[in-house]
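Heads up, the chain below is alone and in the form predicted on its own; it's given as structure tokens.
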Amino acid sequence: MKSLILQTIARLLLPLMILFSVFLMLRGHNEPGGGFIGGLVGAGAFSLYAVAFGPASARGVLRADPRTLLGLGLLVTVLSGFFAMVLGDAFLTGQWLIFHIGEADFHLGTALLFDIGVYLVVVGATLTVIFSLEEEST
């Protein structure tokens, strides 16, 4: 039996929770947060949607297989470590690019790539387990 209230709330909360999870991932360099907690919040958004509408609908909204996200996240995480090795430093040593646009300086580092990879791994692994359990129970 599906709940109209739960479906309405899930539909409204999904984009907000995804946006908040990306915010948590991006602020994780200097303050609490990062790829792990951001990934958990993102996976929680799709889990709530799966409870409200079923795992097939949640997979459709996700538009990617969770195992693909997990593999892509592992690839991005490992690649973030190889940038340092190409430049002659140890694996996973942080590297920074600084962009000057007008008066502003933008710093882009390999730590962001690492966090994106962790985010994808956590979302992929968590949703693989949750979708499997949800499909088994129906």
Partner chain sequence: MGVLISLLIGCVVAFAAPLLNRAAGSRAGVILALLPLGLTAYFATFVPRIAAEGALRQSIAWVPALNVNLSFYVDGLSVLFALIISGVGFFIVLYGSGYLKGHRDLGRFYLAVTLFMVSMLGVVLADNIITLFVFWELTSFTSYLLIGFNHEQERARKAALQALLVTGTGGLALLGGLILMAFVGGSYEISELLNQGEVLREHGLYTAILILVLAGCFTKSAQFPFHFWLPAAMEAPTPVSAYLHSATMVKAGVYLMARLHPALGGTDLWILLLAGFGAATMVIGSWLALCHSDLKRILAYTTVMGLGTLTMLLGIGQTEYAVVAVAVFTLAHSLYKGALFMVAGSIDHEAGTRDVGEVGGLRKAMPITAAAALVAALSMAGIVPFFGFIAKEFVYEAALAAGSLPRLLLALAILANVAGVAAAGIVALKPFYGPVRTTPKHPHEAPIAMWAGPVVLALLGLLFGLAPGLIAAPLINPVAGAIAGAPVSVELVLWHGFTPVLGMSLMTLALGIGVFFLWNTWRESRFARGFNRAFGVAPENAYFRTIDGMLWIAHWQTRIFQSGYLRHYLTTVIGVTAFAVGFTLLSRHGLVLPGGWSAITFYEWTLAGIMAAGALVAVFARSRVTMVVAIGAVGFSVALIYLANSAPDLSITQIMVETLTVVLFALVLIHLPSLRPVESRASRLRDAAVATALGAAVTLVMLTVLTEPISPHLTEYFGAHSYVTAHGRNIVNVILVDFRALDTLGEIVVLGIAGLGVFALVKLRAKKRRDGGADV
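Model, not experiment: these values are computed from the prediction. Positions refer to the first chain, counted from 1.
As for the form predicted in complex with the partner chain, it is not shown, yet the points below apply to it.
Asker: Taking 21, 50 and 56 as a possible spot, do all three reach the partner chain in the predicted bound form with a heavy atom inside 4.5 Å?
Answerer: No, the candidate spot makes no contact with the partner chain.
Asker: Could you tell me if residue 125 has a non-hydrogen atom within 4.5 Å of the partner chain in the predicted bound form?
Answerer: Judged by the heavy-atom cut-off of 4.5 Å, residue 125 is in contact with the partner chain in the predicted bound form.
Asker: Heavy atoms within 4.5 Å of the partner chain in the predicted bound form: does residue 8 have any?
Answerer: No, residue 8 stays farther than 4.5 Å from the partner chain in the predicted bound form.
Asker: Classify residue 3 as contacting or not contacting the partner chain in the predicted bound form by the rule of any non-hydrogen atom within 4.5 angstroms, answering yes or no.
Answerer: No, residue 3 stays farther than 4.5 Å from the partner chain in the predicted bound form.
Asker: Whether residue 36 contacts the partner chain in the predicted bound form should be assessed with a 4.5 Å heavy atom distance threshold; does it?
Answerer: Residue 36: yes, in contact with the partner chain in the predicted bound form.
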